[in-house]
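First come two forms of one protein chain, each written alone as structure tokens, so that there is a structure 1 and a structure 2.
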Structure 1
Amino acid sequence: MKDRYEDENLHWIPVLITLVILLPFVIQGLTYSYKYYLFVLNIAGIYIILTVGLDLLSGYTGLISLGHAAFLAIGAYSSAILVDQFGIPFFLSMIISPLIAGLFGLVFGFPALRITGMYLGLTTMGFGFIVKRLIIALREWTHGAGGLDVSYPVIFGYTIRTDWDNYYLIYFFAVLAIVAGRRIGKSKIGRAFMAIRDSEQAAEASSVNLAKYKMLAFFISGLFAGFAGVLFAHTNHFISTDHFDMLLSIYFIIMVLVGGVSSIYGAVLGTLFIVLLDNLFVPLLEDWIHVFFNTETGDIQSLIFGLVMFLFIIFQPMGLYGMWLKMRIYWKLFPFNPRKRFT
């Protein structure tokens, strides 16, 4: 069912993504609050790297992870400790820290050999709590629950300091991650992943090594998330266990699902959608509401966010990507479209 997406030549999706990402160049001359947009976009970029990896795991392979913020935390804390306390150069830490997260991925993935479905989701959620505890217990390096200051990263003598520096750094790797994710998805590995998702028994019968590929999926996913963690730590300059709570993991899964499962572009679009909705549109919309209604409770923001999500899922269960597909087919068949398809 999902492969159908690839057959459609959907060049509009990458164009839209590029537009959103390049928007700061356009608006920086128009308004000085572009910095706020840029900042939100940087967060989205970091999350994109993570959700591409999560899509390979949950979308392609069908292994649900409700503890992905833990990988982000592992990458972030590893890099912060390696760079600031062991004096390892930042670009080396960009290789080592994701590998550490990837190794944790293997640990996370181990139960997946026996546990499936929602049970696996809950197991990974448990791992999320365990990692948080582990970080607090290693307080000699991590300063416990109080959080850790992180230095500004230096690449080849250049200190990355401003929002624009962060933007180039993050989106260089985000684009790399998208390309890599699509390559993996189309390769032999990706096809094995999808075979496992569609039917473990059928995959096994077609000589797909289940254990190997499941572990591989967790490892790759851990790599991506760990890398996102490195960027997270060094562009945020402060990390604490509160940054990586369980709700964030659930948000990640929502991002992948909103975009449409098992399409890398879908995951990217979903991430942009949720991050911009939550951090940009809803606060701005709320400012606007306050002009007209003098409300005292702050729950309007949550309510708007929840309602948008809810209506979106009810009317677009296939995700943003599915919405695009429908529209494309609509115009292709216009004016002979069967009505039922577009309700």
Structure 2
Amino acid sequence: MKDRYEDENLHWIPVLITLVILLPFVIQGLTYSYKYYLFVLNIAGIYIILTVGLDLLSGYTGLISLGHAAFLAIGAYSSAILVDQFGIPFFLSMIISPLIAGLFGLVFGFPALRITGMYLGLTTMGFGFIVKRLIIALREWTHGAGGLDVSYPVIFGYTIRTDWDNYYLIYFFAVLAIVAGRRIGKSKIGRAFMAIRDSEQAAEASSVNLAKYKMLAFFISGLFAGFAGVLFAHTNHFISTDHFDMLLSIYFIIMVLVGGVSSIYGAVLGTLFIVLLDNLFVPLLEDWIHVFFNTETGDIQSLIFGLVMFLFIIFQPMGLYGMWLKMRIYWKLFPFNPRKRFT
């Protein structure tokens, strides 16, 4: 029987796509700082692609990854080197670079065959440090810790130079990533992922090949992260090891948790919430503290993110998307004593 939390009306999706198309025009009409807001939205769109893949790995399959910033870096540096140093067209790099990141994910899926939980998380954390050292060691191509300038993306002879153009490029692929993530989650592959997450013993008894699907989960997640890395490199126009530190991987986990694990829409909502919180609310709060208390704020970002994650885990473990579904069900059943439906 279909679970009530999966009873969703999809008629609002065309409305949402229309909103995404019109949003830059609305922002331009409301503020003179629309370029900054467009840049923030572009970063959110890139991270959405990555967190959709991370949700398939950690939310659907239950495999914790604290090294997804490394997959983002692999996609970014691969595309920058292929396009600017080997002369490969950007459109072709959007295929090759995610495959390279996916292959790294496939190789890195081997530890998941023997370890799970906290130990797997620590192992993936080590993978992030390895990739960072590789970037520094391969300085002939990557320029080491000094960073690497990246060219503008060129598609069918058209050079994308502005944040406005980048916005439509990024969100076109973000929508495709969401659709692909939804299709994977509803497919046989997604059901196998969830079976592994719920009970590996029961999944194996049901003829689910644990090795195959665990490695496939890492490969798919690496593909999404690598594609996000391609867009990140050519949108930011400069990349360095500082862009892909350990905190960024934790950042992605927080996005998935806040949005709601094992929910593609939850990954989208969580990413938008955290990116907007980080780039709009945190700077505003720092200014208020500086003005009213005449003191420096220190690392208030980590404090706020830790507090947000703590509150969501305790009071709203289903995340933002789960909250939205509960609200929909509440009003759908109102006034027929809906509270009893959630006990």
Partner chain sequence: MTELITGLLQESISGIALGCIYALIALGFTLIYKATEVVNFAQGELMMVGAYVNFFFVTTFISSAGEPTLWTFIVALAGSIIFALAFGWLLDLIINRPMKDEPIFSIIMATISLSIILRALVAIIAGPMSLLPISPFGEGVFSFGGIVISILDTFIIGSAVILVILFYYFFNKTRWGVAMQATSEDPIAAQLMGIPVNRVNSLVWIFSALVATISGILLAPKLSLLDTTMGFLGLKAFPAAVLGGFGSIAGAIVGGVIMGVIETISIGTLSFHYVWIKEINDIIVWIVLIAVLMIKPDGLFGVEKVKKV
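All of these numbers come straight from a predicted model, not from anything done at the bench. Rigid core (definition): largest C-alpha set, two forms, superposition within 1.5 Å. Numbering for residues begins at 1 and runs along the sequence of structure 1.
Visitor: When you get a sec, tell me if the form predicted in complex with the partner chain is 1 or 2.
Guide: Structure 1.
Visitor: Would you say L277 moves its Cα by 2 Å or more between structures 1 and 2, aligning on the core?
Guide: Where the cores coincide, L277 shows only a C-alpha shift between structures 1 and 2 that is less than 2 Å.
Visitor: Compare the position of the CA of V308 between structures 1 and 2 after a rigid core fit and state whether the shift reaches 2 Å.
Guide: Yes, V308 moves 2 Å or more.
Visitor: Would you look up how far the C-alpha of L19 moves between structures 1 and 2 when the rigid core is overlaid, in angstrom?
Guide: After core superposition, the C-alpha of L19 moves 4.6 Å between structures 1 and 2.
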